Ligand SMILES: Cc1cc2nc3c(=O)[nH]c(=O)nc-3n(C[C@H](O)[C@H](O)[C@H](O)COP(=O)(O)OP(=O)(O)OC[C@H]3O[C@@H](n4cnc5c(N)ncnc54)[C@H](O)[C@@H]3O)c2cc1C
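Only one chain is given next, in structure tokens, and it is the form predicted on its own.
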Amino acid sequence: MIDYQFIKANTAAEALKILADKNNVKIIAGGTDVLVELHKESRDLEMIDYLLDISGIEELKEIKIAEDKVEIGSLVTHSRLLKNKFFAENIPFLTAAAKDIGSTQIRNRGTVGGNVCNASPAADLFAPLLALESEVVLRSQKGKRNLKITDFIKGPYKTHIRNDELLEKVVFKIPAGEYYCNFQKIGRRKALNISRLCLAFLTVIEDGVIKKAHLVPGAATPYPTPFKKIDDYLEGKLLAEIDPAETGKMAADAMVEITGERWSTPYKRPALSKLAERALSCVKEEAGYDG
């Protein structure tokens, strides 16, 4: 049995003081990951002395949308993402990713910050957040620091957050100009499923030319990793001339370059290829370049 002292913070300032004053503190918000690990008596939690509940900190539950920037507080739940009309109308692949997370109960409890800090290779939100070139804002009593989400991830289930820091919010710029996005996922079943593979695609088009492209898979690599090789291949080309099937095969090859041949490769290679093909096909159709 894991022994620990339970502490609750009602403000960010209280939480930061506890993190600064005490050692071996584990933060809990929605609890959809931490409580499971506690029940399993995970070795990762054997050294904790304190469990810090931050679920009541209202200032971390805000969504702010400006002309060109979005800020999502770390305690915003997946359900709130789903109910946000701006995301549904303007950044639908973020809504699609949130919709596929767990069950209604998990979406009601699980938070954006928890999903990001857990850094699971199969975390659905990572793919669209990476495609949006998001940053995380980390806060301690010493001040704040911003990290690109790509730099925040250290490895599977590991991040560069320090022991005295709290994830305050996730921020990203709203894509400018004519842009399109798509989210695809494969799971073992229709509901309550953890991703076997997912993929987010975001592209900015100018006069039919791909000015920016971000294709990001989930659960395909040891930790969420953008496929810059594919982005470089797509950028500068006419969207109408892109072959989704060919691009899908390139994405699958890029995955294997990172992971090497593994026991799951015979399944994941064609599956990822098809997800990328579907994403590009959907974007071409939506943009009116489907031939």
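Given the structure is predicted, the values throughout are model-derived calculations rather than measurements. Counting begins at 1, following the sequence as shown.
One more form of this protein, predicted together with this ligand, exists but is not displayed; see below.
The putative spot formed by H78, G102 and N118 is fully lined by this ligand in the model of the complex; each residue has a non-hydrogen atom within 4.5 angstroms of it. Among heavy atoms of V36, some come within 4.5 Å of this ligand in the model of the complex.
At a distance threshold of 4.5 angstroms between non-hydrogen atoms, S74 is in contact with this ligand in the model of the complex. Residue contact check for T111: one or more of its heavy atoms lie within 4.5 Å of this ligand in the model of the complex. In the model of the complex, this ligand sits within 4.5 Å of a heavy atom belonging to G30. Stretch-level contact check against this ligand in the model of the complex with heavy atoms at 4.5 Å: of 208 to 216, 160 to 168, 79 to 87, 174 to 182, the positive one is 160 to 168. Listed residues K228, K26, K237, K61 were compared with this ligand in the model of the complex; K26 is the one with a heavy atom within 4.5 Å. A123 is the sole member of L132, V136, A123, L94 with a non-hydrogen atom within 4.5 Å of this ligand in the model of the complex. Looking at 53 to 71, the one residue that comes within 4.5 Å of this ligand in the model of the complex, counting any heavy atom, is I54.
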